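Next up: a single chain in structure tokens, the form predicted alone.
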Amino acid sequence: MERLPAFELRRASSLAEAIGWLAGTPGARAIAGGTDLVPNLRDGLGSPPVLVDLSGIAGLDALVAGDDGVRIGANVTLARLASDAALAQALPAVVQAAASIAAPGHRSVATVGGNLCVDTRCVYYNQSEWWRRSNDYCLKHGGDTCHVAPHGERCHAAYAGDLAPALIVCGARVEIAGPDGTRGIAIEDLYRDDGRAHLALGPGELVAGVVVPVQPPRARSAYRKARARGAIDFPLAGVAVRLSADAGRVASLAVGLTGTNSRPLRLAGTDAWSGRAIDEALLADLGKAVQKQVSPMRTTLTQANWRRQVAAVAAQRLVRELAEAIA
């Protein structure tokens, strides 16, 4: 890694001040833990003139449980999320996802907002400056060709955040603060299927927090990821599942996926399985649906079809395990 580029660090004392600086300074970036942003800057992936530090904003690190659900502030650290015993009972998939991210040192400073907004990744993008320069750069940064799909017109870098699919299956909404006030959207709507611009945030907007509703009775959730190493690595394919079942039949099923597309996604079509027996026929249909809807490309050192199959198998295993736990 190279030295960090020159920048001005501004420590915001309020959300309004941070938004004003971000909106009024072209190219400014928000930073909290910086575990994704700083390594990218050292690799020459951007040179923002201003970094707006969010870590001192009061209330942005609040984690509050109420009768209507849980609000998780954007500055809540992953370590805090992963170690919350009450949350582990209410939202196990979210806690498992947080605990799977990077290493303990990273989780002690990395934040919920940062993980939700983590940059997309590709083997042609996440390299040193001299490597990218010698390979003619790429469509995501500095070039005009996607080396993954040279004849296409879009970037296929993959989204690799772990929290998003777990929050998606739990029905979370994200709070976005910006120059025009605060708005709430379904968390899947925070993302676009575009490796170059995967976040649906306007100028000056930032993620302020996440609200997760109370989960349905008897619902169980879990998260599982495949990665090259047993720790530290981003997911090559990550799957979150929330299942409610009654007498061995599906009451509701939600599946979230990450690491395979340029955005995290909710598996479509699961509502049609309500009332079906949780058997091998259902699991076979689930596997087929996952393989059809994910679209991994050659963005990692592993084969795209392997990631597709791993995502399908992980979803099948999680549904089977959750069904057995509910019975």
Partner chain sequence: MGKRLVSLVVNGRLREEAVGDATLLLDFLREQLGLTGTKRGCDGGECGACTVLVDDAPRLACLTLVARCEGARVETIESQSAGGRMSALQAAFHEKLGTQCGFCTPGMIMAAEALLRGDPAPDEVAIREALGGNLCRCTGYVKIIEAVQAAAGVGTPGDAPRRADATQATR
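Residue numbers count along the first chain shown, from 1. Values in this document were obtained by computation on a predicted structure and should not be read as measured data.
The following text describes the form predicted together with the partner chain, which does not appear among the structures shown.
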**Report entry** Distance check, A86 to the partner chain in the predicted bound form, heavy atom within 4.5 Å
**Finding:** no
**Report entry** Any non-hydrogen atom of E8 within 4.5 angstroms of the partner chain in the predicted bound form
**Finding:** yes
**Report entry** Contact of Q127 with the partner chain in the predicted bound form (heavy atom, 4.5 Å)
**Finding:** no
**Report entry** the partner chain contact in the predicted bound form: T300, any heavy atom under 4.5 Å
**Finding:** no
Report summary line: TL;DR on 223-231, 237-245, 183-191, 133-141: the one with heavy atoms within 4.5 Å of the partner chain in the predicted bound form is 223-231
Query raised in the report: From the list G44, G33, G69, P296, which entry has a heavy atom within 4.5 Å of the partner chain in the predicted bound form?
Result: G33
Query - The unique member of P217, G152, G202, G105 whose heavy atoms fall within 4.5 Å of the partner chain in the predicted bound form - result: G105
Query raised in the report: Looking in the predicted bound form, is the partner chain within 4.5 Å of a heavy atom from each of R266, G287 and L318?
Result: no
